[in-house]
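A single chain, nothing else alongside it, follows as structure tokens in the form predicted on its own.
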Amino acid sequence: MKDAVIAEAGLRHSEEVMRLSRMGAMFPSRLSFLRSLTRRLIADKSNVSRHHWDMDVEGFGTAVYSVDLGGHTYSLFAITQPLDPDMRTDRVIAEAWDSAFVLYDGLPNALEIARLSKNAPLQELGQFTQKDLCLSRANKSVRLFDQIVTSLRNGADLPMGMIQDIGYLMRTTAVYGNGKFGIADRSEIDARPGLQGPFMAEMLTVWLIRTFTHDLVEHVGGGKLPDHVKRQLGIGNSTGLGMAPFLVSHPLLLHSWMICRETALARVRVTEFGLDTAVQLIDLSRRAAQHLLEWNIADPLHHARIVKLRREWAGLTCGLTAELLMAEGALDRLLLQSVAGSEDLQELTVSWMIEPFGDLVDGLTECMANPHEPTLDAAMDCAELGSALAVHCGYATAVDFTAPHATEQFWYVSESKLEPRIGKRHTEAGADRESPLDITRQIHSLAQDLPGHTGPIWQFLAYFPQHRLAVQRVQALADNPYSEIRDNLVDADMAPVDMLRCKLSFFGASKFDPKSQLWTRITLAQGAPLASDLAAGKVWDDWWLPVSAP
């Protein structure tokens, strides 16, 4: 959808939306992938069964859970082993973990359980098959896990303060899919009902791991957790640079995610609704305020943003009544009022406004998968490409790449772990092996060489083959304006954590806890339905920005 059509449709302009600072302020919404998955589990009346449980008294051993989804059976294999505290780290360089997991296609028999028991703890060094759909590993939140075990064993009160502050029993340090390390390619399962959407297999893995952590702490503690406490215990995740390049290397997929979210907002801004929805919006605004109060992190810069957002949110929502919200254009006016505040306030407002309108927006999630990549239109005239550069790429052509800070950073892939890294171009070696994530710089270079050339673009590329990728990206951008991040990804001030937060918000992550500009911890599935809820027919989709149990 071109920018002119987007403006006519009431969508926010891509130049506004696709800035790193705004992407780094995004919140989860009802369009997030984990929310889509749980809605599908509810619609399918899926039940989770525990087929295998071989755990010693300290919680070391193996387990297998299965769930039926979209006419297929999937199983989570879990293995836990003793871990020397000195070996416990969230960094990708780790070689051992408290637990390892495999999402398996079908129900593994004894021979397959033996194979998985041998290979899952090895992670990328293991040998996997096309029956293995996702590979993951996790470490305990040792303080919380041990405290809950102690409480259960002694019949004492649960540490509700710690449960609120931490919010998970384990945090994953990787959830791999799509053919990584020999597991099945996504193409093997992407047409299956329930798994067609982005990262659905990975989300199913995370949700099942959460179930396992609840069972494990109850097994070791010898007692039962109340369901309202288990719902408050999600799954943590520690995510670093490995996730960031995905948004750059899948531009059309990024466009699909963004335009679905922006379309949802555009629909909501002009919709009419009744008293029940107005009351729900007020209740959700109070929940958001409570969530912000319970979101406390160590990083001083990001915590200051949270403190400021608490004040801004109170100012925006103070005095809201059902009558005010039902007035014509009320939501549109509130969104415009939020523009006077921070981008954090604006993006929280977007997610809040979308939340009550499932009937209006949930169908958009079916459009979020996009297997296509940019292709080269070799017959395009150079003049037409020049016009596209002028219209869509001012953010790139305006950068002064002769300034050292504009090229301070470079992306590369580490040889040992095959993971993305960032180096300092002017002080560190390795720029000769740079990954092509400097799209803004490439577009800028194309714009420098194109003037004066005429005829089809293939003739230009015959003399300047280095511009092939930039030409493809500009051509794609003309019709997919949300496909490019409108910032320089090699600038000295570029913060990868902004890309991480954007992608993780689409996963459904909350309580972002940055540990630097390079990695963050987050919480997934907090407040989500439990496996036991589905079995009992307790179904709901109301867990946006969860708060502590009463």
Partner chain sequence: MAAGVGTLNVSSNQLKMAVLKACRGIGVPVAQAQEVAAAIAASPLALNKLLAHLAKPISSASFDFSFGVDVQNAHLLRDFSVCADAVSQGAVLVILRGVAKCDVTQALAQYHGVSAEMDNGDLHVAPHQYPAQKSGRCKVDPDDWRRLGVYAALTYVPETDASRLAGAGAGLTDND
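Numbering follows the first chain given and starts at 1. Because the structure is a prediction, the values reported are computed rather than measured.
What comes next is about the form predicted in complex with the partner chain, which is not displayed.
Asker: When the partner chain is placed as it is in the model of the complex, are 65, 252 and 363 each within 4.5 Å of it, taking any non-hydrogen atom of the residue?
Answerer: No, the candidate spot makes no contact with the partner chain.
Asker: Out of 342, 147, 129, 164, which one falls within 4.5 Å of the partner chain in the model of the complex, going by heavy atoms?
Answerer: Among 342, 147, 129, 164, a heavy atom within 4.5 Å of the partner chain in the model of the complex occurs only for 129.
Asker: Though the partner chain is not shown, can you say which of 272, 415, 157, 323 has a heavy atom within 4.5 Å of it in the model of the complex?
Answerer: By the 4.5 Å criterion, the partner-contacting residue is 415.
Asker: Just one of 433-441, 315-323, 288-296, 105-113 has heavy atoms within 4.5 Å of the partner chain in the model of the complex; which?
Answerer: Answer to the contact question: 433-441.
Asker: Would residue 421 sit within 4.5 Å of the partner chain in the model of the complex, counting heavy atoms only?
Answerer: Contact with the partner chain, yes.
Asker: Test of understanding: in the model of the complex, would residue 181 fall inside 4.5 Å of the partner chain by heavy atoms?
Answerer: Taking the distances in the model of the complex, the answer for residue 181 is yes, it comes within 4.5 Å of the partner chain.
Asker: State yes or no: in the model of the complex, is some non-hydrogen atom of residue 85 no more than 4.5 angstroms from a non-hydrogen atom of the partner chain?
Answerer: Residue 85: contacts the partner chain in the model of the complex.
Asker: Taking heavy atoms and a 4.5 Å cut-off, does residue 230 contact the partner chain in the model of the complex?
Answerer: Heavy-atom contact with the partner chain at 4.5 Å: absent for residue 230.
Asker: Sequence order please: the residues of 502-537 with a heavy atom within 4.5 Å of the partner chain in the model of the complex.
Answerer: Contacts from 502-537: 518, 519, 521.
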